[in-house]
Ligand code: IFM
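Just one chain is shown here, as structure tokens, and it is the form predicted alone.
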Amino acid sequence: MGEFLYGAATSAHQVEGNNVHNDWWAWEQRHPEVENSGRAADHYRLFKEDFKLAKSFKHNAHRLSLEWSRIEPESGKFDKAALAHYREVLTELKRLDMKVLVTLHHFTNPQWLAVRGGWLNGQTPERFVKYAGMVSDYLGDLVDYWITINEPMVYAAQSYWRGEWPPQKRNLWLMNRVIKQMARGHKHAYRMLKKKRPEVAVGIAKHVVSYVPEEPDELDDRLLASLENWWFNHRWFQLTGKSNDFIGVNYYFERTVKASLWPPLAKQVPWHGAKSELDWPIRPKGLTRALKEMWRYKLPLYVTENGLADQDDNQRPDFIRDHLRAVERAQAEGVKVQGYFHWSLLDNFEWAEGYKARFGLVAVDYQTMKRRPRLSARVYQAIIEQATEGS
């Protein structure tokens, strides 16, 4: 099966700082009431320090994303300096003997693409493939795993249904079109990346929610849970077919659902157990269920994100222990899980939540940019050391 990958994850807009050419940055300028990403965690400048910390925690892999708008700030014009920077970033990870997972699209679009309609534009899948091809040509020799798109269903829902993220649309038809367009972009990018480097695995990072009926004996509750599971967890794979070498599972919570005869017909049952600072339920058993759910595709699985907002680090040590035990339970049932990436290596800009949500193994002082490893980073390190002892 190969070496189990232990690491953490980041994304470009959330940690790099000053991604001035993308749609999120433009949206932040238009909305002074929302928190601006600004310098973020200044990772663009401090990446060597951050990777040194990750290596000191015994991580043997790291997941990061590239910022499309840095690499292609204008349509068809690729920035060689940005590509050179990312080559330096990936070379540093290789120097530290870490496996490299690279995400090509993590929620942000170049501003030039956004003004053309973003993923609603019929030409966007081809533009995405062109960008991915340029990246593969310049950086592909340093990449162990490609992730084409991060959480496409979340992006489509947040931006085109709930209207909380740019471009803040609320239209079911538009959301569905975006999902189909992203699926087309993923399939075309998969074929292109495999043609260029057949030996490099290509997959997706899919947010997976475990849906549980409140009353398992009630047919309507079971049907509701099944419908939500199909729509959110599986529709993407029906659209993309056999264009994955692996599946990245981003798991944060489980939801208990209840069917009703009166609007709203689908209700989310409140969770009265432990929660994160964002009120997300902490339910490790849901990760076992999520991994078993994704195992139906019989592809290698990686937990590409799993974490919680916990500024004081009171819950995170047990959270990591409990969720890694959940991975082990899935493995014991025959599920091929080959890696775990905690979200996140660093405190970062958490989209609409701004900077109040602290997800990092490493605390960041946003005034001085000083890094401070939290206790949970050392707990995770001890787990890795125990798991890899003698290997």
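Note that this is a predicted model, so its numbers are computed, not measured. From 1 onward, residues are counted along the sequence shown.
The protein also exists as the form predicted together with this ligand; that form is not presented, and the subsequent description refers to it.
For the options Asn150, Thr288, Thr108, Ser159, the one in contact with this ligand in the model of the complex, meaning a heavy atom within 4.5 Å, is Asn150. Among Phe78, Trp280, Tyr297, Trp231, the residue placing a heavy atom within 4.5 Å of this ligand in the model of the complex is Trp280. Although the partner is absent from this view, Glu305 contacts this ligand in the model of the complex, with a non-hydrogen atom inside 4.5 angstroms.
The closest heavy atom approach of Phe319 to this ligand in the model of the complex falls outside 4.5 Å.
Although the partner is absent here, Tyr138 lies well away from this ligand in the model of the complex, with no heavy atom inside 4.5 Å. Although the partner is absent here, Gln14 lies within 4.5 Å of this ligand in the model of the complex, judged by heavy atoms. Using a 4.5 angstroms heavy atom cutoff to this ligand in the model of the complex, all of Tyr252, Trp351 and Phe359 count as contacting. Segments offered: 100 to 108, 70 to 78, 83 to 91, 217 to 225. Contacting this ligand in the model of the complex at heavy atom distances within 4.5 Å is 100 to 108.
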